[in-house]
Structure formats: structure tokens, C-alpha cells
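Read the single chain below, which is given as C-alpha cells and is the form predicted on its own.
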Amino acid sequence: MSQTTIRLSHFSPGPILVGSVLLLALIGLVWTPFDPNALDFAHRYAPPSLQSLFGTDHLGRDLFSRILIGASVSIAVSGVAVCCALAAGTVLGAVAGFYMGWLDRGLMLLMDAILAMPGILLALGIMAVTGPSVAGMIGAMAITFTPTVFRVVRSAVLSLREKEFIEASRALGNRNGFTILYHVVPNCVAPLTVLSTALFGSAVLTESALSFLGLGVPPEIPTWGAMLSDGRNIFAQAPWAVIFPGLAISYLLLGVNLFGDSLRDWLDPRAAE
């Protein structure tokens, strides 16, 4: 009974919230009630109804269809950007922490230089140079998040490099690359798993902010941030054009944060006590 009580007390709705957004994103990839970019000037500013669940915007576009597509865009762009940051930060952090010396100092200076600029401003600067594009947004967010991953991995490797199993691997004649790949990096999985959820939430927020400012993905691709930008100009006539995209962003961010908390408690039960 006590074990059941503990499990229930640690239940988090985060996976359910994130899973529901993932389901909507998958549905949006294969089906939408209407063409998300179809213009219908005869039904501009239509309020939410059974025909159009979230209403229409100033161009008569169906907001529910656009939010479905926006979910897949936000998840795909944010997910790829976080994966790129995790890959780059893990490799650089593991190498810097394991070898130390001038390589560690040089990489630390580079990462500190990137961290010296606020992430959103750095992403804005990169997007201003590359212009609105999916690849540019992914690259900008990956560069922004890599230093955070680097510092987490480097700290973990610095504490691992003197452990007995690392010394045993060296004594067996294993190359440093083999030791890093098979003995060091696997021990960084737990902190990186929790960190990835926080980075994903930041990526969703950054993607929405850049799209809101017109520096995100191309305008023909519906995104939640771009929908907010369009809706702010017609809030008096169609408040639902702002409310529903804003709720979508808040819903996903809430789910990601709760999911990250549940992952942390699962990977480190002592932290939840």
C-alpha cells in the first residue's frame, strides 16, 4: 500500500499533456479540416463554431487547421534544434572535460563568449543574417543551446575521469575515444535527459518569439508565433485569433515542464523526497 501511495504521489500529468500535443501534431501532418493557407474572405473574423472550432482570422483562414500544422512545426523545429545542441555539446564537453589543458580552456572561452550574449538576442542576430528559414532557425537555436549542454557534460566528465572504471579502461589499453564513447558518455545520459526537456521548452518559446517577430520560418508555413503576430492586430474584432495560439503555446510549455519534473524524480528518486 505504501509503495502504491508513493507512486500515485509522484504522478505527473506532464506526459499526458505532451502526448496529446504530439498526437495533434501527427494528425496535422496527415489531415486538417481545411487547407490552413486557404483564403476565404466571405468568412473573415468568424467566431468559434461547430464548423470552425477556433474561428477564422482576418483572411478567413481556419485557425484550428493552422494550430494543428503549427504544432508539428514547433515540435519538429524545436526537437531537431535540441538534438543538434545535445550532439554538439556532448562531444565538445566530453572532449574538453576528458583531455583538459589548452583544449579545455579554448572551448570554455568559446562557450563563455556565446553565453555572454542573451540567447534570444543571439538567435535574433543569426536569423537577421540568414533570413527566415527552417534551417536557419534550427542552426540559431542549436548554437544558442550548445553551451548549456557543454557545461553540464564537462562538469560530469570532470568528476568521472578519475573514477576506477576509467583507470581500468586505460589499463586495458583502450583508446581515449573508446573510453569516452563507451564509458564516459553513457554516464551523462541521466542529466542530459532532464536537461533536454528544459531545452525543448526554451526552444518552443524561442521559435514562437522569432516567428512572432517575423524572423522564424517562412511566412507561408503556419506557426503559433506568427499566428500571435497576426492576431494582435485584429484582437478587437477576433480575440480568438490570439487566445487559441497563446493557449497552445502555454499548454505545450506546461506539459514539457511537468514532464521534465517527472523525469527528474524518476531518474533521481532521492531528489523527490
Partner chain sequence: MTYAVKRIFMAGPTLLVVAIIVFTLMRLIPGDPAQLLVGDLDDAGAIERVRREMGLDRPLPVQFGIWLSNILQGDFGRSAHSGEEILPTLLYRFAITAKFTGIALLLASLISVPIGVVAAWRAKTSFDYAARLTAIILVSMPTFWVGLILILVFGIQAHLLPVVGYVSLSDDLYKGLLYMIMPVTALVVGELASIIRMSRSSALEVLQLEYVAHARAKGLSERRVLLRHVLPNALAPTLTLIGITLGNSLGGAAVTETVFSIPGLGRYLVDAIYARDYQVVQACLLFVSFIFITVNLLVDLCYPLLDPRVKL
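Numbering follows the first chain given and starts at 1. In this text, all values refer to a predicted model and were calculated from it rather than measured experimentally.
FYI, the form predicted in complex with its partner chain isn't displayed, but the following is about it.
(message) If contact means a heavy atom within 4.5 Å, which one of 233-241, 66-74, 47-55, 26-34 is the stretch that engages its partner chain in the predicted complex?
(response) Contact-bearing stretch, as computed: 233-241.
(request) Report yes if any heavy atom of S208 sits within 4.5 Å of a heavy atom of its partner chain in the predicted complex; otherwise report no. (result) Because a heavy atom of S208 falls inside 4.5 Å of its partner chain in the predicted complex, the answer is yes.
(message) I'd like to know whether V80 contacts its partner chain in the predicted complex, with contact meaning heavy atoms within 4.5 angstroms.
(response) No.
(request) Although its partner chain is absent from this view, report whether L109 comes within 4.5 Å of it in the predicted complex, heavy atoms only. (result) Flag for L109 set to yes.
(message) Within 4.5 Å, heavy atoms only: does G139 come near its partner chain in the predicted complex?
(response) Looking in the predicted complex, residue contacts with its partner chain do not include G139, since no heavy atom lies within 4.5 Å.
(message) Each of C84, T197 and P219 within 4.5 Å of its partner chain in the predicted complex, by any heavy atom, yes or no?
(response) None of them does, since no heavy atom lies within 4.5 Å of the partner.
(message) Using a 4.5 Å heavy atom cut-off, which residue among V91, V134, L103, L115 comes into contact with its partner chain in the predicted complex?
(response) Partner contact (heavy atom, 4.5 Å) among the options: L115.
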